[in-house]
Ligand SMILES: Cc1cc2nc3c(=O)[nH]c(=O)nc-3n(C[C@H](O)[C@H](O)[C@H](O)COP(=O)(O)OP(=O)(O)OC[C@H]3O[C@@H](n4cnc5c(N)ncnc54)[C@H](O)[C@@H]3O)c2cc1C
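Encoded as structure tokens, the following chain is the form predicted on its own, with no partner shown.
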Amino acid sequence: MTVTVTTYETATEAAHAIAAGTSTHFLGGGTLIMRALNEGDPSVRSIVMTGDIAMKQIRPAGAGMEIGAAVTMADILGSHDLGFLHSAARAVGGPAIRNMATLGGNLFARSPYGDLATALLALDGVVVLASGGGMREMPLSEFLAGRDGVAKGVVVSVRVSRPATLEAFRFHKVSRVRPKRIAVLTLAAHLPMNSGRITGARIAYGAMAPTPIRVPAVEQALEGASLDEQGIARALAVACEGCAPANDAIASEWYRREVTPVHLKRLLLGQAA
């Protein structure tokens, strides 16, 4: 099978090429596309790339941060400004994978992968997308929910909220397989506090649906609550509401539902490893 590879100067040019072609895919770090190529996936016939510098940048964006789609997990771990994402980036594969895997690629990783995407979702991520019609933005939750049907384009960056303190953002990955650490469950929580009470909580799960999801029932139950066993009791009672975990080789649907309240409790109380 012959595969053509074309490199463009900008993400917009690459997006136009993708929109105009069939069986055309964007190559970032390669951890997803190269596996498909090595397995002889016939749907990958044309590859486009870009060296657009904007996709490698990490910069402040108002009260938050904007992270280029070509930023790797290793780049995140090397950034002081992204210290709140270090635990999530470290959860992705081993050192060799983290040197290649990009933020943009992680948004397309199939469950039970996509650990960083789960963290970005809990931080109110907004995707900046270059497409045939120009640049546009959409909430990460919307992007993930319809990513297979999203008009062909290139993810340029993701903007996220910046937690006021490192303690305000919490991430935990549950795994029984090491060293690759495929997720049984991934949890992320942004817990802004006001006078000892949670205000505007954001809770996201990975491996509890076909894509990472927000959990509105838990967020609502935490509003105005204190971070103690009594304060989080209602949130634990609805921990799996709206979830649709899979049965796979890593864990069953039943098991994921059983352990989710346990690990959510540990995360909220600061007991998660």
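These figures come from a predicted structure and were not determined experimentally. Position 1 is the first residue in the sequence shown; the rest follow in order.
One more form of this protein should be noted, the form predicted together with this ligand, which is absent from this view; the next part is about it.
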- Listed residue (A239, L222, M208, M55) with a non-hydrogen atom within 4.5 angstroms of this ligand in the predicted bound form: M55
- Contact test, all of G29, I97 and T102, partner this ligand in the predicted bound form, heavy atom 4.5 Å: yes
- Task: Please name which of the stretches 107-115, 192-200, 133-141, 79-87 has residues with heavy atoms lying within 4.5 Å of this ligand in the predicted bound form.
- Result: 107-115
- Can any non-hydrogen atom of A91 be found within 4.5 angstroms of this ligand in the predicted bound form? yes
- Task: Consider I33 of the chain shown here, and say whether it contacts this ligand in the predicted bound form, taking contact as heavy atoms within 4.5 Å.
- Result: yes
- Query: Closest heavy atom of H25 to this ligand in the predicted bound form, within 4.5 Å or not?
  - Reply: yes
- Looking in the predicted bound form, any heavy atom of P163 within 4.5 Å of this ligand? no
- Query: Can you tell me which residues in 40-74 come within 4.5 angstroms of this ligand in the predicted bound form, by heavy atoms?
  - Reply: M55, A69, M73
